[in-house]
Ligand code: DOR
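As a starting point, one isolated chain is supplied in structure tokens, in the form predicted on its own.
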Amino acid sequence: MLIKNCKLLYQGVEEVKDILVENGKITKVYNCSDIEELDIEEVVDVDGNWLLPGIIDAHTHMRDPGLCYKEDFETGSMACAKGGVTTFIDMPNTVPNTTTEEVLKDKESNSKGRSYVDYGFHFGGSRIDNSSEIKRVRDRVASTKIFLNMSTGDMLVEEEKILENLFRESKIVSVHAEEEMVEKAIELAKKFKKPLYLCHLSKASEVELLRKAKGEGVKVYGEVAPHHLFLNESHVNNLLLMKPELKTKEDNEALWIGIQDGTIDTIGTDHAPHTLEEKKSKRTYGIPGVENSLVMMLKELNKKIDMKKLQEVMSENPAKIFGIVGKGKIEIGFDADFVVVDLKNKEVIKNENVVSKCGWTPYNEIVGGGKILATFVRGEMVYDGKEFMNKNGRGVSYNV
């Protein structure tokens, strides 16, 4: 396949290039005038629109198994493809919790042939102390997810000795940690010399703790969700409840500054869909996110974020942090994971267009920063701006 007339950042320079894809990999990047003699059957002309590396969302809850009336691997991966997300990493608080090797094996098996995009899994730490399970599976998962503030099932871990065992046996630890628990997680990471990934930071004080730890040389990374950048406590209603909850405008701004100065490393949506009936009938925490994360971030392009930084926090850094093989960049030898974006076409986001099973979006009636024209996974088009095709997503591999 040849993808022609792509505007892209190649080796840090904005250029228009043609990209040759063979066996799912990028094999050559051409200047447009250099390929006249090539005999290629399949050619896709993107007509000068932006070609970005596929988005990697390292924080999703696809509700599969056990809660599939909210979302499942097929519908969640469709939402990813529509949003330009070519790889997602699923969190462990499914039913049953992914805290044993047996449950992980079942998830790995049940996911095959059901996803339009590539995927991976986080493993869950348990208050029952599953450190021996973590040791067995740590090279097959992105991280061990430990909940320090709240969770379902047995995944809220409060006993110090068990926390220490979980950190000790993990490859990298991801945490749900809010306020003072951020500092606790950083201290544990220091003690056991483990990389630490702070999920969905939402407050200025948390960003400052991260900044301080990085300054001290701690191997710690920070994630922010788009809803904590674009929404705040003035927007709160029954639908817009999540953990961590929305904070102030000042916190919004502190998070943006954290992205700009490199303190914040990634954008992760914390995609956690519930049905509208659930959200309206009781206090239910969690909102969908993967379908609109890129177009929302593009709203601030060349204002609060440039194209280089956007690609770093949404593609390159997640791949680096979790050691996802072959993902995150448009470079020779990498997977041909792409999203084609028309920045001139700024469509209104609407509930009626949502493909996620939950059927709604927190960004309803907001004008996005561009239109996603096509999504490619390993050289196969999986979304053409209207239809979905080629459901051949597969599990990712990790550097070990």
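Note that the structure is predicted; figures quoted are calculated from it, not measured. Start at 1 with the first residue shown and count on from there.
Note that the form predicted in complex with this ligand isn't included here; everything after this is about it.
- Taking the partner from the other structure, this ligand in the model of the complex has no heavy atom within 4.5 Å of any heavy atom of P195.
- In the model of the complex, at least one heavy atom of F147 sits within 4.5 Å of a heavy atom of this ligand.
- In the model of the complex, this ligand sits beyond 4.5 Å of every heavy atom of I330.
- Of the heavy atoms in A272, some are within 4.5 Å of this ligand in the model of the complex.
- You can rule out all but one of 298 to 306, 165 to 173, 107 to 115, 236 to 244: in the model of the complex, only 236 to 244 has residues with a heavy atom within 4.5 Å of this ligand.
- Interface residue among P96, G326, P226, G286, judged by heavy atoms within 4.5 Å of this ligand in the model of the complex: G286.
- Residue-level contacts in the model of the complex: of H200, R211, K203, R127, one residue has a heavy atom within 4.5 Å of this ligand, and it is H200.
- Heavy atoms closer than or equal to 4.5 Å to this ligand in the model of the complex belong, across 57 to 71, to the residues H61, R63, ordered by sequence position.
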